[in-house]
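Heads up, the chain below is alone and in the form predicted on its own; it's given as structure tokens.
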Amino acid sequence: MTGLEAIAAHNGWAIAAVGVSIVFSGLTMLSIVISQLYKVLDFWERRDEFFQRMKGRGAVEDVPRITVSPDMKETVRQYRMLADRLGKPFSLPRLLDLARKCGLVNPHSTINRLLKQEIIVPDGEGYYHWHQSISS
């Protein structure tokens, strides 16, 4: 028995397929490692800065306090309860829709006022959260 018959008789095709998949997987992993190597090198160059930040992480940051006027306290409480139902972070269109369903007065202008007073703050990814100084 020689040639292709011998390969088939001794599981040569399966061994070849396993070998090809191992080589392909290894090359794929190598390309991923090489493509992300710049992040590791950047971290290594700025490792002192990273460790300084980690040491200072326990320190309390000075968060500016926001004072809510007495006429807005009830409004903030109502919208805070609605936002808590949506989860953190929340979407403004969903908050607006929920405020309309609950029958709150002038939800567009109220949310706009909360945004202008920075009671509701964007997170930079299209969602919003309450300012840190506003109690939960």
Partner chain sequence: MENMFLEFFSNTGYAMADYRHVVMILIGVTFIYLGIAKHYEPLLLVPIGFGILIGNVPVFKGLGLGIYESNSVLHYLYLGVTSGVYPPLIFLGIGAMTDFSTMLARPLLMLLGAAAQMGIFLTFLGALALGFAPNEAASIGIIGGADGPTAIFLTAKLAPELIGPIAVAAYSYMALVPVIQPPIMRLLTSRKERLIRMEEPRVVGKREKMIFPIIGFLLTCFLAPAALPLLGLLFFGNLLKEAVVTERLAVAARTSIIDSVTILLGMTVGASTQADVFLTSQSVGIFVLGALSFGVATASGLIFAKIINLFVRTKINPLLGAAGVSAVPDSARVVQMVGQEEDPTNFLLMQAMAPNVSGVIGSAIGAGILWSFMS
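Each form is matched to the other, and the largest set of C-alpha atoms that superpose within 1.5 Å is called the rigid core. Owing to the predicted nature of the structure, the values given are computational and were not obtained by experimental measurement. Residue numbers count along the first chain shown, from 1.
There is another form of this protein, the form predicted together with the partner chain, and it is not shown here; the text below is about that form.
*Asks:* Any of the heavy atoms of residue 23 lying within 4.5 Å of the partner chain in the predicted complex?
*Replies:* Contact with the partner chain, yes.
*Asks:* When the contact criterion is heavy atoms within 4.5 Å, does residue 38 count as touching the partner chain in the predicted complex?
*Replies:* Yes - in the predicted complex, heavy atoms of residue 38 and the partner chain come within 4.5 Å of each other.
*Asks:* Might residue 28 be said to contact the partner chain in the predicted complex, defining contact as any heavy atom within 4.5 Å?
*Replies:* So residue 28 counts as contacting the partner chain.
*Asks:* Report whether the minimum heavy atom distance between residue 102 and the partner chain in the predicted complex is within 4.5 Å.
*Replies:* Answer no; every heavy atom of residue 102 is more than 4.5 Å from the partner chain in the predicted complex.
*Asks:* Counting only non-hydrogen atoms, choose the one of 73-81, 87-95, 106-114, 42-50 that falls within 4.5 Å of the partner chain in the predicted complex.
*Replies:* So the stretch in question is 42-50.
*Asks:* Taking heavy atoms and a 4.5 Å limit, what residues of 7-28 are near the partner chain in the predicted complex?
*Replies:* In sequence order, 7, 10, 12, 13, 15, 16, 18, 19, 20, 22, 23, 24, 26, 27, 28 come within 4.5 Å of the partner.
*Asks:* Verify the C-alpha shift of residue 100 between the shown form and the other one: is it 2 Å or more after superposing the core?
*Replies:* No; residue 100 is a residue whose C-alpha shifts by less than 2 Å between the shown form and the other one when the cores are overlaid.
*Asks:* With the core lined up, does the C-alpha of residue 126 move 2 Å or more between the shown form and the other one?
*Replies:* Residue 126: C-alpha displaced by less than 2 Å between the shown form and the other one.
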